[in-house]
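Below you'll find only one chain, the form predicted on its own, shown as structure tokens.
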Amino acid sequence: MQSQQALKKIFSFEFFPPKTEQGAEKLRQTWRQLAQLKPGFFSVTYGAAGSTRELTLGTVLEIQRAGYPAAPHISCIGSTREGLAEVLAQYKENGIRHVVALRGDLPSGTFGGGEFRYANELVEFIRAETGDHFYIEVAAYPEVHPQARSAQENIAHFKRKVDAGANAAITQYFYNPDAYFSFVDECEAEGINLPIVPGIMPIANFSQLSRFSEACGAEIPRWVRMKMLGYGDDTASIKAFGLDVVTQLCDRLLTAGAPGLHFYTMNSAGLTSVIWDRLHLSSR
């Protein structure tokens, strides 16, 4: 991880676009609270096949107009070149210079994948359409993408995104720091030296976390799983233990030279703010 240590650490928060006015007001309160921590940027997710395109743009613009950097996600599965060109033009027109480029998931009931199959094709398209206008983040999978046939294939897929023009990467969340350290070392051995920022998922609800993790291939260490299961319906103990686990994870990552942290907030400021305070990130 030597090449990452000299970089200025970047801290960021991720949201999903709300679909109701009540959800929008809750998110507004959340990002205003988290904005006081002065993150490097906020990011806003993008539904399958662009299903939340306008909601994503609206949320990003609201944050940006308040004076805070914001980056929309763009996914390419189920999208056309024409449609993505329109999205990129819309973002450029609104002064957005930072995007998170992802393959994305097929919407349920959809059999065709559109004109793009992989995220590296999306990165190539963004560069062909807009040159160096956008700072492009891509996804990385320290515990191996669930559809990759091997760890070597996982690295090869990631390298294609980097070679296509990515500037930095954000990882899928994980709770085993050694998986991240090993992944970064393997990337450096392949000549990949861009910032790879760990994705951090605070633990609020263990059953929900289990569902998410099964779907995305993130491993919950057995000792963490067993401890959580032992708490049963004691949500206060689950949250307290989860805060300890995630704070220790973040501290180890930063101490070892990780270039920052990207928090999956689930549109709530509470747990992320507590972890931030425990790590004394405002004074780093």
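The first residue of the shown sequence is 1; numbering continues from there. Because the structure is a prediction, the values reported are computed rather than measured.
Omitted here: the form predicted together with a small molecule. The next part is about that form.
Engineer: If we define contact as a non-hydrogen atom of the residue within 4.5 angstroms of the partner, is Q147 a contact of the small molecule in the predicted complex?
Structural biologist: Contact with the small molecule, yes.
Engineer: In the predicted complex, does Y118 have a heavy atom within 4.5 Å of the small molecule?
Structural biologist: The answer is yes: Y118 has a heavy atom within 4.5 Å of the small molecule.
Engineer: Is F42 one of the residues lying within 4.5 Å of the small molecule in the predicted complex, judged by heavy atom distances?
Structural biologist: The answer is no: F42 has no heavy atom within 4.5 Å of the small molecule.
Engineer: Though only this chain appears here, would G104 touch the small molecule in the predicted complex if you measure heavy atom gaps against 4.5 Å?
Structural biologist: Answer yes; at least one heavy atom of G104 falls within 4.5 Å of the small molecule in the predicted complex.
Engineer: Please identify the residue among I203, A139, I192, A179 with any heavy atom within 4.5 Å of the small molecule in the predicted complex.
Structural biologist: Exactly one residue meets the criterion: A139.
Engineer: Looking at 128 to 136, 80 to 88, 156 to 164, 180 to 188, which stretch has residues with any non-hydrogen atom within 4.5 Å of the small molecule in the predicted complex?
Structural biologist: Stretch 156 to 164 is the one.
Engineer: On the criterion of a non-hydrogen atom at 4.5 angstroms or closer, are E143, Y175 and L253 all touching the small molecule in the predicted complex?
Structural biologist: Answer is no for this spot.
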